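Here's a solo chain for you in structure tokens, the form predicted alone.
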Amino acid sequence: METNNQNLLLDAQNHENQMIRIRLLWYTPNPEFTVALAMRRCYSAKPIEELEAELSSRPGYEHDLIAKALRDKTFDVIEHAVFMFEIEGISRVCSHQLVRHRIASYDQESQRFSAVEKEDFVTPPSIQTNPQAVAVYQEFIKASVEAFRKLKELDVPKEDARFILPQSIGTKLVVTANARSLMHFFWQRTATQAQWEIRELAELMLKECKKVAPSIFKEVLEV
């Protein structure tokens, strides 16, 4: 335990801004086909098997249907595409903003059970570029970490000792959301007025979505 505490103090003294890491864990197979099929269901009485065959026989047709859905604001069909992300390297400041977005499912690393000693801290760019601010920031982080260590030595449970930890501590999440919810999230959080960390997160998630469903996420719209 003492070695872990020493490592944590070392991290507090030398911490740098973590890079946000995004991984698309799972998504609806062929999401654009799925959305287009839902769109066709709305406007056709044909059996679903015929609609599937129709889409399969007309390459690019699904892109036209998605464009029409977005143009006509038929956003409900977009909800049939679902995406699951692993997110690492964000602060709890950022995660508190993220979980305000509905509808989505969130599972976040618990500080009650995780090895807090191994956590990193996120440093805002405005502090990184100011040596005096860096000194103040690092001093506070170091003091918080030391207080956390002392509380545990006094037999305070980790779930209570964590109250002393700053919001800049790194965290990990798994997030699952449908395309409509993601579009709204991207519309809000890639805006220039969004806070820098969640804007970076949103941009990285949007990039991953565009790789597998470019027609759906071609334009980020308010939904």
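Quick note: we count residues from 1 along the sequence shown, nothing fancier. Because the structure is predicted, anything quoted here is derived from the model rather than measured.
Below, we refer to the form predicted in complex with a further copy of the same chain, which is not included among the displayed structures.
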With heavy atoms only and a cut-off of 4.5 Å, decide whether residue 38 touches a further copy of the same chain in the predicted complex.
yes
Do residue 222 and a further copy of the same chain come within 4.5 Å of each other in the predicted complex, heavy atoms counted?
yes
Using the partner position in the predicted complex, report whether residue 190 sits within 4.5 Å of a further copy of the same chain, counting heavy atoms only.
no
I'd like to check something about residue 67: if you look in the predicted complex, is any of its heavy atoms closer than or equal to 4.5 Å to a heavy atom of a further copy of the same chain?
no
All three of 92, 164 and 197 touching a further copy of the same chain in the predicted complex at 4.5 Å, heavy atom to heavy atom?
yes
